[in-house]
Structure formats: structure tokens, C-alpha cells
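In C-alpha cells, one chain follows: the form predicted alone.
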Amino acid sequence: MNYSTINRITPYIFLAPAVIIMLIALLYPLGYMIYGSFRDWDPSQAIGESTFIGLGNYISLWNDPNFHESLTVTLKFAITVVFIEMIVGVGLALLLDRNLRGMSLLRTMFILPMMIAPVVVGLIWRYMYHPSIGIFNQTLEKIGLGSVDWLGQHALMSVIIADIWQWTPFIFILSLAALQSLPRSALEAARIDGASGWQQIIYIKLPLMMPVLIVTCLLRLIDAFKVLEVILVMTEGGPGLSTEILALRISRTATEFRELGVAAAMSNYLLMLLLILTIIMLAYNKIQELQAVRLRMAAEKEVD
């Protein structure tokens, strides 16, 4: 074996252990879940002892109105929180992208909510929403307004507010990093041409930030579809099915209803939905990256 061959295969040799571990840790559980979704399986039996039923679990879920309700709640929750978090997070990043005294401390304070454990976040907001001792209702009563049944009639909205409070800093910190990495030549060219602050944001900053914003949005969207602890602590999916997202329904189906095959099929439906969203957003991200490259090249030529 000559020297050039050794150099060519050496990176693959070093990568091999990591690839093997990933295959075992990722593909095996995924294959196990897919295999279990085709069987009438419960925790009292090994998966090999369960009865093969083909697409029975998928068909029963497709015709289950409760599954449809949980899917609708999940879509409402995920789309709403990600949309608001993107607007607020990017807006804060644009506002704080400047050199002011105490700005480092302010940025640190903004990211504190995302450092708190989800269970703790759920407990904090559950007690703030409490009908009698919660700070929201106490404030409303002090100003002469009636109390609100936050975790009853407005349960989904209350959960959405809690998630926005916790995860907007995630959008903020990534957006701020994207802003600070923008090429100064593009911004300088816009200033030379007499662009106002708003014009720089709309035509320069946001288009150049778009690839990072799309990936950030995708990461938050995937995480929003899987959120569990905060909703479990705050509402336990109630009242009724008003806040029961798919992750919570999967957990209940497996633990309370003891239907592991149905839970596996439900997990696969969620996985397929996330894969579709990921493919669409990554394709759009590729288009935005090409546009950002063209915009950078045009700005550099104008400065030269």
C-alpha cells in the first residue's frame, strides 16, 4: 500500500468508530420502532411475541378523531410559537446589534429563560396562571378587571405564551450572531448609496441573514413538535384535548393505554411530517444561500 492510498483512507478509518456508533444508536432504535408499528404490541410481551397486523395501526390512527385533534393542536402550537418567536427574536437582535454600555449584560439576561429546565418553566407558569394566587389574576383584580381562567378556557394560548418566553432567546442569540457576521462591505455599500436604516434591514441584512434564519426556524420547528415537559406540567394535555400535542399523546398511548404498536405508528407519522418540513425548508434554504452569495458579490463589486 503506497503513501497516497494511506492518506486517502486515513480519514475514513478515524471516522469509522463514530459512524458505527451512530448506526447502532440511531438506525437500530428507528428500525425497532418501525418494526413495532406493524404489530399489535403491548408492554406485557416481547416484540417477537406480538401479532403482525401490517398497516392496521396506521389505518386506525388515520380514522381516529382524537389523533386528528392532537395533530391539529400540534400544528397550531408549533406554527404559532415559531412564527412569533422568529419575529420577536429577530427584532430584538436588530435592536440590540449596537455598541452600548451594558449591552453584554442585557444580552446575557435575555438568554436566561432558555437555561431553565422545562419542568421548572412549567411549574413557574402554572403558578403564575393560578386562578387565585397567580400573579396575572391578582394584577387583573387590582386594576378592577375580572380573573381569567388561563389554564381552562385559554389553555393553549397560555402554553404558547410560556413557550415564547422560554425559547425566543434561542432565536435572538442565533440571529444576533448572524447579524454580527454580515460582511461590512455590503452594509457600507448601502450607506454610500444613501439607504436608510429600514432599507438596509429589508434589502441587505435580512436577505443575507436568511440562510441562518431558515436553519434556526427549522430547529425551533422540530423542537416545537416534540415539546412535552412544559405542557405536561402546566395542563397535562387538558382541558379535554385542547393542549394534547402529539408528543404527549404518544407518551400516554405507550404508558397509560399500553399500546406500544399504536404509539410507534404515531411516532412514525410525526417523523414523516418532520421529514417533509425539513426537506422543504432545506430546499428553500439552498435557494436563499445562492441569492445571498449573489448579493454579496454585487455589493463587493460596487465597493470596488
Partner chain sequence: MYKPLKTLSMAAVATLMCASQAFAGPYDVYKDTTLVVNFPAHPHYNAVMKILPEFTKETGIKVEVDQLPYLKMRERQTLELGQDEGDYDLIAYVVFSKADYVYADQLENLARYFMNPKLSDPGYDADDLIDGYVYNIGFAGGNKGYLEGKTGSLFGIPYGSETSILGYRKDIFKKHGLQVPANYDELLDIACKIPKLEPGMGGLSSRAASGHHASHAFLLHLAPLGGRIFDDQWNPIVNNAAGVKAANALKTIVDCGPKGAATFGFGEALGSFLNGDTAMFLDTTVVAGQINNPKKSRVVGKVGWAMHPMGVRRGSQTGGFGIGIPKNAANKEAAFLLMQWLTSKKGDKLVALAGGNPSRFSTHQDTDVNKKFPHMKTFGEALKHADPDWRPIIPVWGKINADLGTTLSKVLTEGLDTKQALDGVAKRTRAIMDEAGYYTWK
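Residue numbers count along the first chain shown, from 1. Source: prediction; values computed, not measured.
Absent from the display: the form predicted in complex with the partner chain. The rest refers to it.
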- Message: in the predicted bound form, does residue 238 come within 4.5 Å of the partner chain, counting heavy atoms only?
- Response: yes
- Could you confirm whether residue 258 comes within 4.5 Å of the partner chain in the predicted bound form, counting heavy atoms only? yes
- Item | Contact label in the predicted bound form: residue 44 to the partner chain, heavy atom within 4.5 Å | yes
- Heavy atom of residue 223 within 4.5 Å of the partner chain in the predicted bound form: no
- Query: Can you pick the one in 132, 180, 99, 104 that has a heavy atom within 4.5 Å of the partner chain in the predicted bound form?
  - Reply: 132
- Out of 162, 81, 186, 151, which one falls within 4.5 Å of the partner chain in the predicted bound form, going by heavy atoms? 151
- With a 4.5 Å heavy atom cut-off to the partner chain in the predicted bound form, the contacting stretch among 166 to 174, 140 to 148, 114 to 122, 195 to 203 is 140 to 148
- Partner contacts for 44 to 83, taking the partner chain in the predicted bound form and a 4.5 Å heavy atom cut-off: 44, 66, 69
